[in-house]
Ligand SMILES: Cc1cc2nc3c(=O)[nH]c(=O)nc-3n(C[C@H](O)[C@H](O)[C@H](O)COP(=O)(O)OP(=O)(O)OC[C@H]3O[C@@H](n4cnc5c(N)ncnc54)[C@H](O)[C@@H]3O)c2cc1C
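Coming up is one lone chain in structure tokens, specifically the form predicted on its own.
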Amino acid sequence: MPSVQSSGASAGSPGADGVLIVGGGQAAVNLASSLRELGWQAAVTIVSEEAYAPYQRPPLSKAFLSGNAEATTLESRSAERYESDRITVLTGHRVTDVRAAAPGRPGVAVTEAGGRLEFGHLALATGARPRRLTAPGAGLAGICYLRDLGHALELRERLSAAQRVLVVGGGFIGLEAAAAATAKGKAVTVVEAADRLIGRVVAPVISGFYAAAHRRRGVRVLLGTAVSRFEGTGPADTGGTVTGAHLTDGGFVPADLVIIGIGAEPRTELAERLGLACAGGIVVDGFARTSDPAIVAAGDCAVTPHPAAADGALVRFESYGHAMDHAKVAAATLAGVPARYEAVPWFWSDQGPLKLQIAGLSGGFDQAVLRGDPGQERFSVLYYRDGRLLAVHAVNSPRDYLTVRRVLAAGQQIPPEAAADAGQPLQPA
């Protein structure tokens, strides 16, 4: 995957009237494109520390890891599209310091190589990084993470040669990686410290379904235990390679490849250097404005209010849909036509033939209505609080997912008793 512009950061400076977008993910690309759609005429520059032009991340743990996609098919936009939209993309430049713009003085971002980018407006789309496991031996070769294309390229190469794969973490990334490894005939073990899979997000019936479904496909799923230390052919600092992991319950899992998927942490370093409020992410309001209203932040790096959040809590989403929708809000704020962030959250996870689609936020639910039969691997769960529809989690049930997403977007309702009748299609009251 070629870079768009990999050198001469200072030459890509957007200038005193332009927008600098720090980060190269989907939020950055959609923010830039949305600015042009809104009629923004000044310069727009994306600066990314990755060596690759902006690409889609969701396929990394799905089609790419399975071998059904290549790096060139992941590009978010073509070089010609960036040129026609007058968007400059600087790759391979990590911003290490930034000074906000002030009246009569442009802002300045400084890169690791000493480049300087002047700007009039700043957008932070810095994303998140994988949460690191700190167990002894975690630096051994063969212990991998999966967040960016570099990770995915290494992991796919190692997966082709591996026989026994240990996945640490029973969240979406871990389970998607487990499904990809299983499909390649590897012996796979998933270790999850909690008492159920994806427990932070889904109802117990869905956790139980995924545990059973992966076990049916040959995955060994271990719950309620964690890695205490890794074993290897030698110390990490002398080139040792992982051979397995000791668990907190006293067990041992042999492995020649380990995939760590224990969550992600928002990248807030630049925001903190700017003195912006941060609390589990860069704090923004409903219009994507940071505590400095002249600076916006969007995507995985930000925590935001949302009308669907329980008790008015700030939430941080990690999804393609959020990156798209939140970036539009940030662009509208910069363009002077602010629009509050109210898009229905949506997400999907492909785990082999099992497609989970989510719409809405289920936090704070007091009732979960099951439609269909999990044994048939086709069902959905609708979540309610005080009888009001909050969200749907649909497994191989795209019609239920799309209906609930439309209902939530329209501010309509589906009564729980109607949802419980799987013989009837969902429809608003």
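These figures come from a predicted structure and were not determined experimentally. In case it trips you up, residue 1 is the first one in the sequence shown, and so on.
FYI, the form predicted together with the named molecule isn't displayed, but the following is about it.
Participant: Scan Q357, S319, T243, T182 and let me know which has any heavy atom within 4.5 Å of the named molecule in the predicted bound form.
Facilitator: Selected residue: S319.
Participant: Within 4.5 Å, heavy atoms only, which of V395, A391, L60, L35 is in contact with the named molecule in the predicted bound form?
Facilitator: The option sitting close enough to the partner is L60.
Participant: I need the one stretch from 98-106, 67-75, 160-168, 262-270 whose residues put non-hydrogen atoms within 4.5 angstroms of the named molecule in the predicted bound form.
Facilitator: That would be stretch 262-270.
Participant: Does R131 make contact with the named molecule in the predicted bound form, using a 4.5 Å heavy atom cut-off?
Facilitator: Contact with the named molecule, no.
Participant: Though only this chain appears here, would R289 touch the named molecule in the predicted bound form if you measure heavy atom gaps against 4.5 Å?
Facilitator: Output for R289 is no: heavy atoms all beyond 4.5 Å of the named molecule.
Participant: So in the predicted bound form, is the named molecule close enough to H306 to count as touching (4.5 Å, heavy atoms)?
Facilitator: Close contact is absent here: in the predicted bound form, H306 is far from the named molecule, nothing within 4.5 Å, heavy atoms only.
Participant: Even though the named molecule is not shown here, does E49 get within 4.5 Å of it in the predicted bound form, heavy atoms only?
Facilitator: E49: yes, in contact with the named molecule in the predicted bound form.
Participant: Only counting heavy atoms and a 4.5 Å limit, does any residue of 15-29 reach the named molecule in the predicted bound form, and if so which ones?
Facilitator: The stretch touches the partner through V22, G23, G24, G25, Q26, A27, A28.
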